[in-house]
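Single chain ahead, by itself, as structure tokens, in the form predicted alone.
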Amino acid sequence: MPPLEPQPRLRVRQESPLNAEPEPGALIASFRTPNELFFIRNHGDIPTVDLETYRLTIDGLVESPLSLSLGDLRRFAQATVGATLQCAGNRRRELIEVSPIPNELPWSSEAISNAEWSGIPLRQALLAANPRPEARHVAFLGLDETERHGHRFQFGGSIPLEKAMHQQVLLADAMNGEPLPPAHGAPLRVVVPGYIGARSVKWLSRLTLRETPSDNYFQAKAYRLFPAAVGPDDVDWDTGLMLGEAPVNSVICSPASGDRLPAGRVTVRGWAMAGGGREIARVDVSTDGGGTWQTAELEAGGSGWTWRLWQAPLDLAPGEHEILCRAFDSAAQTQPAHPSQVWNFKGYANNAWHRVRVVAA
């Protein structure tokens, strides 16, 4: 399968492996992100997959190991779920401004997109394999290969079996009503709504039921959260917090930092996202450093598994302005004020208040 070519409105952060994100304005032009504008996050080159010989293996702590062709998978009842996926490193650029984060992609705030996914609920495939009572986690393995620290291996990760049994977790072969594109995991990927994007493994080849989380590098080491005092030279990988559910987050997409605007009424627009199935309850906007806040209007659509687009009219006097936003989810959780409060040497999970600086004239 040929790789998906980046579209003109995708900003390429890395050529090989291909990593790209859309422009902010394009990102929120519609509730559902078109396939050609959906952000691309890869750790290895896009694999070529023979559809005739492709098999999904289900093994480990199961009574009935399975090897399923694409035809076998299509015999299960089909389902469609709307879900927003977000890279754990989204908004890393703001953390880099606090302190350098070498050897990581400098994502802006657009490594996030929303789509309608179709396929079969993961639980159906797992139940067909009959998990053993001691099974607690489902490990995913992709067909893409990468290299870290002199070792070459396939990308993988895992989620708790309890999460895997949710009806919304899919083995997806379609995206926005079209066959899954190669850059987004064709022929089959897992979609784990409410979790960081790294757990929605692409080019899925194997599901392994385990007592413990996956020992793949990208579960056991890479996607972990460490205190600010820990760095790459003194890290103890076993002490990091495994990233799973995404934190509540919100971003201003329009206007963009550096924009010059006519003084007067300005409509501020952006997205907000809550993790773990929680919903966005409110988005606030401020122009005085957080001293006072104005409640934004949440646009129609959205659920606990998708983002909410929002807008807020502001009156800007002539001069320089810093516009802030923050969100609250349905558990009344909100965002920290500054990126320095969440800085970590991997640059993950930045959900500080988002800020843009503009000039009104």
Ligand SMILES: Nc1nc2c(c(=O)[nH]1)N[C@H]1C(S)=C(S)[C@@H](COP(=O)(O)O)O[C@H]1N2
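Numbering starts at 1 and runs along the sequence shown. Every value quoted in this text rests on a predicted model; they were computed, and no experiment measured them.
Below, we turn to the form predicted in complex with the ligand, even though it does not appear here.
- At a distance of at most 4.5 angstroms from the ligand in the predicted complex, all three residues D144, R189 and Y223 contribute at least one non-hydrogen atom.
- When the ligand is considered in the predicted complex, T334 lies well away from it, no heavy atom lying within 4.5 Å.
- At the 4.5 Å threshold, heavy atoms of F38 reach the ligand in the predicted complex.
- When contacts are judged by a 4.5 Å heavy atom cut-off, H321 does not count as touching the ligand in the predicted complex.
- Within this chain, S200 lines the site of the ligand in the predicted complex, having a heavy atom no more than 4.5 Å away.
- With the partner removed from view, the residue among A129, A183, V285, I96 that has a non-hydrogen atom within 4.5 Å of the ligand in the predicted complex turns out to be A183.
- Just one of L85, I280, A246, L122 comes within 4.5 Å of the ligand in the predicted complex, counting any heavy atom, and that one is L85.
- Exactly one of the stretches 208 to 216, 253 to 261, 233 to 241, 85 to 93 approaches the ligand in the predicted complex with heavy atoms within 4.5 Å, and it is 85 to 93.
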